[in-house]
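We begin with a single chain expressed as structure tokens, specifically the form predicted alone.
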Amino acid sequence: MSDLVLHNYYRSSTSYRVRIALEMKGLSYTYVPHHLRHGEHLEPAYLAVNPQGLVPALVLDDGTLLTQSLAIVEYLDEIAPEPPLLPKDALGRARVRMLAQMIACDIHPVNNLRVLTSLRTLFGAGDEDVVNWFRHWVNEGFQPLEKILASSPETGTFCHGDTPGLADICLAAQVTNNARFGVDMTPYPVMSRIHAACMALPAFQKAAPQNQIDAE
């Protein structure tokens, strides 16, 4: 699997998810950056690769294109089963997917770059408005997520037990992104603890935004 090509952007939290999974699986890949703020993801050359013009996009050695970070991560988990990113039991897998999707499907889509840009261009939002928007939707998702994690016996060192998985990948990427917008993590001690446990691991560190070749 040395011919994997990852089209991504260092600061993209969805790209960060895939980089973590690749590092956890020990899969080598070619890193192709696209500067989202410069609009490089909308250039014809990239649209020819991924018509949606979003990152991440993973191109396999036979040219097959995979997009959407959760789909990519689950694909990687299937073709490289160790270490597993999902539990073996059906209920455990459902719980981990639930936690992951609370971030990936409820928080991230309303806070990604194109939405924040549209707030400015279509509705005249200023910097403070954009920051408040971002924080609002993070807190809307994090408040119930913290309660679920704090009250569940399945929560361990990580979101589900004592080994990191899909939910932790999403959580770590989101918390890292939160820091750029000054989100107060004080109300979320369980998630803060889990994030710290994740960031102590080499895979999460190596995949971190500041450690990428296009980091600014």
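Sequential numbering from 1, following the sequence displayed. Computed from a prediction, not measured in an experiment: that's the story for all the values here.
One more form of this protein exists, namely the form predicted in complex with a further copy of the same chain; it is left out here, but the text below deals with it.
The chain is drawn here without a further copy of the same chain; in the predicted bound form, the stretch among 167 to 175, 23 to 31, 146 to 154, 180 to 188 whose residues come within 4.5 Å of it by any heavy atom is 146 to 154. Using a 4.5 angstroms limit between non-hydrogen atoms, residue 52 touches a further copy of the same chain in the predicted bound form.
Although the partner is absent here, residue 59 lies well away from a further copy of the same chain in the predicted bound form, with no heavy atom inside 4.5 Å.
Mapping the unseen interface onto this chain, residue 135 falls outside it, with no heavy atom inside 4.5 Å of a further copy of the same chain in the predicted bound form. a further copy of the same chain in the predicted bound form is approached by residue 104, whose closest heavy atom lies within 4.5 angstroms of it. Along 101 to 121, a non-hydrogen atom within 4.5 Å of a further copy of the same chain in the predicted bound form is carried by 101, 102, 104, 105, 106, 109, 110, 114, 115, 118, 119, in order along the sequence.
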